[in-house]
Structures are given as C-alpha cells and as structure tokens.
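The chain below stands alone and is given as structure tokens, in the form predicted alone.
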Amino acid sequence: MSRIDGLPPLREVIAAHGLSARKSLGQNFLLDLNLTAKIARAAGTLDGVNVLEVGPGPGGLTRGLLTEGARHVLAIEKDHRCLPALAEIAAVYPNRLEVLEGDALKVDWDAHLTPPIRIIANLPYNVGTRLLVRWLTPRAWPPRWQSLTLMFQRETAERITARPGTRAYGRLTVLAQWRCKARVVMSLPPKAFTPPPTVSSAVVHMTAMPEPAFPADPEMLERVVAKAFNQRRKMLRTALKNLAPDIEDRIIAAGLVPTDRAEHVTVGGFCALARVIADGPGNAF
C-alpha cells in the first residue's frame, strides 16, 4: 500500500525531510500505511465526513484518511519540519487537506470544519489526555463531532474503557463513559512505531451519545469525581467531606455507601451524587 496514492513510502518521506521523531513533542511515527488505513476504517465510513487530525507528523494517518474517502481533513501540526511533507500530500489531494501549524491546545479548529465531523488521530503522548478531556467537556452537548478515534498509550486506553472495581477505573473513565460509548478497537506493539515507545498503544473509538447516560450538571459532576479520585483509597465520606457538612447523608441519599471507595462507584452513582449535592443547601460550590 506504500504507493497507492502515488506518494513514496513513509520511510523515504522521513529521510527526505529529515524528520527524526522528537521526544519533546511526544512523537512516535507509525510508518505502516496498512495500519494507518486500518485506523481510518475503525472510525467508520468517511465518505462526506470532515476529519480533524492532531499531530499528523509525516502524514501516514493523513494519507489513510484521504484514501479512505474523507471529504476534508484539517491537520494541526506543531512541528514545522513536517509541513513540507504534508504539503506534498495536499498536492495529491487538491482542496481536501488543510494544514494548520500550531499547538492543538490553542488552535481554534471549530471554524474550519462543518458537520459531520469526526476526530481521528495518533495523538502525541504528551498532550493526548488533555485534548481528550477538552473534547469530552464542551459547554454544550451533543458536541459538533460525531466520534473520536484516537490512539493512546495502552494504559490510557484502559482507563477510558475501564469498569468499576478495577484499578484502571477513574476520573477519565467517568468523563468518557458519561457521554460516550467507548471501546478499544485496535492494539499496537511498540515495534509498530519509529522510534519504538516503551509501552504498547491502543486505539479507542468513542461515539458521542445524543444525551449523557445520566442527568447531572457537568461542572458539579467533574468536581465530585475529581475529589473522589484524588483520594481514591479513602472512603467516600472522607474523600468528599469538604463538599458539604452533611456529606454522609447526601451519599446515602444518592443511593451510595459512605464507606465505599471511588473505584466502586458507577457512572450513574456519581451522577446521582452530583445531583444530590447540587440540590442541597450548604454545599461547597
């Protein structure tokens, strides 16, 4: 598949442009175009879809998205060294690839894309979680994007898809599963990347639900969950004691057990507790 679009293999692209991966940018390049096309397909049919890609690097996944039929790809790249390689891809796909140089945490991508929008990316390891939390917590829901198909370190992927009672279950789990259906769709070993990272990676596909799984105020829920998991080894009544003077009564009113720990509380349980705290007098918010 290395020449399906008339462009050279990625190893040649990297060599031609001197694109050695930089640890400071969280870069690990995926060079197998069969794998990048597989990631693109994991997001579903892309015909007529606008795609946001963060950290395209030399453009392996970008090429997969375009060959799989994406109507328009907006790629945000912080490393200016990669821009010439991405320009070569844009020349092969006229008017279908737009590249913005900048930090994805600062770039306003919203004005550049029209629905339907999907976010598909091999995220830089050093900003992946921050970007995910931002995409999961917009002011209005449902968001403008339909789905997220994102590559993370395996540990992060397990946190997103974890179940209550497991070590991986935490704040990120609740934020993701409150508003999305999430599942791991692909696993990749370190040797799939250049340079090989020290950990395995996984691709998670998250589909935005029309409404959150349970009613709750987003800000209240996020604060309750953060408090609970900041002291995850403590009982709820202890970890949340600063939220309200009668926190134990409120935990019981939410149908929870005060002596339970955060990792045993379901997403629905956290939402119920957030509602009880928000409705009662004397809370810490």
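Numbering starts at 1 and runs along the sequence shown. Small disclaimer: the values here were computed from a predicted structure and weren't measured.
Keep in mind the form predicted together with a small molecule is missing from the figure; the text below concerns it.
Novice: Specify the contacting stretch among 153-161, 181-189, 73-81, 167-175, defined as having any heavy atom within 4.5 Å of the small molecule in the predicted bound form.
Specialist: Among the candidates, contact is made by 73-81.
Novice: When the contact criterion is heavy atoms within 4.5 Å, does residue 56 count as touching the small molecule in the predicted bound form?
Specialist: Residue-level check for residue 56: yes, a contact with the small molecule.
Novice: Please determine whether residue 239 contacts the small molecule in the predicted bound form, using a 4.5 Å cut-off between heavy atoms.
Specialist: Close contact is absent here: in the predicted bound form, residue 239 is far from the small molecule, nothing within 4.5 Å, heavy atoms only.
Novice: Please determine whether residue 124 contacts the small molecule in the predicted bound form, using a 4.5 Å cut-off between heavy atoms.
Specialist: Close contact exists here: in the predicted bound form, residue 124 approaches the small molecule to within 4.5 Å, heavy atoms only.
Novice: Just to confirm, residue 136 within 4.5 Å of the small molecule in the predicted bound form by heavy atoms?
Specialist: Heavy-atom contact with the small molecule at 4.5 Å: absent for residue 136.
Novice: Among 37, 30, 220, 254, which has at least one heavy atom within 4.5 Å of the small molecule in the predicted bound form?
Specialist: Here the answer is residue option 30.
Novice: Of 26, 245, 258, 69, which residue is found within 4.5 angstroms of the small molecule in the predicted bound form when only non-hydrogen atoms are counted?
Specialist: Exactly one residue meets the criterion: 26.
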